[in-house]
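Given as structure tokens, the chain that follows is alone and in the form predicted on its own.
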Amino acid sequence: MRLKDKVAIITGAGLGMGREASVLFAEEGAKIIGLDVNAAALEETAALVKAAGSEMLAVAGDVSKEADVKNAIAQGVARFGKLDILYANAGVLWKDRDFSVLDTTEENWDIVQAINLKGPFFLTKHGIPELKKSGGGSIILIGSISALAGFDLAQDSYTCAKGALISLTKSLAVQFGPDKIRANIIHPGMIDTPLQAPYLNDEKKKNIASGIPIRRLGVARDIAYAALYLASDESTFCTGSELVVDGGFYAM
């Protein structure tokens, strides 16, 4: 019960890492406010959270729209009475539309930025005042190893958005540390999730795994456990930090 009596809002809670974090946080005692554009998937997550012994308020909405994020926070606070954890998990990975700056259209660039960067902006803008009311809390952003290293197969809008989140993390940590609000960012490596599924087959997974020291792809719970540490009171002296969870890839 490492999150007993805590309330967390998790964006992108419908599938993948967001669903896994929702269930794990619930197992550890948290109540969940789940926000996702996929209402059907979100209801499935809510059922899993209930089975884990907790409850989730499922709010369908788009993180790139400020009104939707503001509404989810307002509904969640009205339901559960407070907010302790902001988990900006929602993101989009468009390997078929997000390329080098030479080839990406302005429209696709803007959509990736809106979801991956403006989403966390809106979440922190409207969530931090609630954390202050609670006497402090934890902000968890999701970056990527793509923000730390260049790759031949460029996804420049995605990379720029994730890199900007590093700077945002450090700024939030310094601004709101006196309010007992911590901000940290997790950089996942290659994680086998529904977001990656369209781009991976068994042969590709095998090839990728051979280049990772741990010799496997990550799974959603690998990231959820890292987030659990940052969400819990065990990390009260950890802020402004970058946690790389990639099986050792970035170490090479």
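Note that residue numbering follows the sequence shown and begins at 1. Just so it is clear, the structure is predicted and the values come from calculations on it, not from any experiment.
Keep in mind that the form predicted together with a small molecule is not shown, yet the notes after this line are about it.
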| property | result |
| --- | --- |
| Proximity to the small molecule in the predicted bound form (heavy atom, within 4.5 Å), stretch among 73-81, 135-143, 98-106, 169-177 | 135-143 |
| Contact at Ala90, Tyr158 and Met190 by the small molecule in the predicted bound form, all three, heavy atom at most 4.5 Å | yes |
| Distance check, Lys162 to the small molecule in the predicted bound form, heavy atom within 4.5 Å | yes |
| Any non-hydrogen atom of Leu15 within 4.5 angstroms of the small molecule in the predicted bound form | yes |
| Glu66, heavy atom within 4.5 angstroms of the small molecule in the predicted bound form | no |
| Any non-hydrogen atom of Asp62 within 4.5 angstroms of the small molecule in the predicted bound form | yes |
